[in-house]
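Form predicted alone, single chain, as structure tokens, below.
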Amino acid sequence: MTRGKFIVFEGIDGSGKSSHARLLKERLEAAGHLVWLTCEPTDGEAGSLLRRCLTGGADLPEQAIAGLFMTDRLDHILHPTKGILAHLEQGEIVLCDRYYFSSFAYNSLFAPMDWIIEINRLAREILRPDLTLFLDIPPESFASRMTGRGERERYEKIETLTRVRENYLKAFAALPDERVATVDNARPIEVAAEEVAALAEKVLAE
């Protein structure tokens, strides 16, 4: 059986990752592909604790949160039945909303990026995305996109997200061996979705 492809969606909060992942899943399934859509943090034990930290339900030092993301990620990759590798080996296309570049961008607000990259080295060695799609929006558009969303998370401030976007760009420059494509998602979603689909289809054809 041919191993499936692994495509990751990255971007600051409100950048449209979840919407584009869902749209691409629907498009690929309509074309006859088997697709598994997942996200980080997961709903596993480490991921559940992370979600509590992100919404203020638990309080841990930022360095510990960075370690939790790494722990959750390894479980996400390696779980024998629910893990990304298990789905890829079944020939499925795996679409993931956030992966290790999110750690590099967010956790390096409070710790050196080199250290964040290093503690995620095993994840990078085990499973790199076939394509990382960086959905780029101006951080200033965050407020309008978040209207009516409800509870805010730990990093959801315009000043913070400006730094997060800068960290994404630094991480991409620091890791030139990663396959990253930037998509301007300040455009209408249907326009950006066509570019996302074209980039994904190119990877699937390889």
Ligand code: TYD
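Because the structure is predicted, anything quoted here is derived from the model rather than measured. All residue numbers refer to positions in the sequence shown, first residue = 1.
Not on display, but discussed next: the form predicted together with the named molecule.
- Although the named molecule is omitted here, in the predicted bound form none of 25, 87 and 132 has a heavy atom within 4.5 Å of it.
- None of 51, 179, 165, 33 but one reaches within 4.5 angstroms of the named molecule in the predicted bound form through a heavy atom, and that residue is 51.
- Using a 4.5 angstroms limit between non-hydrogen atoms, residue 47 is distant from the named molecule in the predicted bound form.
- Contact annotation for residue 139: none of its heavy atoms lies within 4.5 Å of the named molecule in the predicted bound form.
- Residue contact check for residue 20: none of its heavy atoms lie within 4.5 Å of the named molecule in the predicted bound form.
- Taking the named molecule as positioned in the predicted bound form, the residues of 20 to 46 that bring a heavy atom within 4.5 Å of it are, in sequence order, 40, 41.
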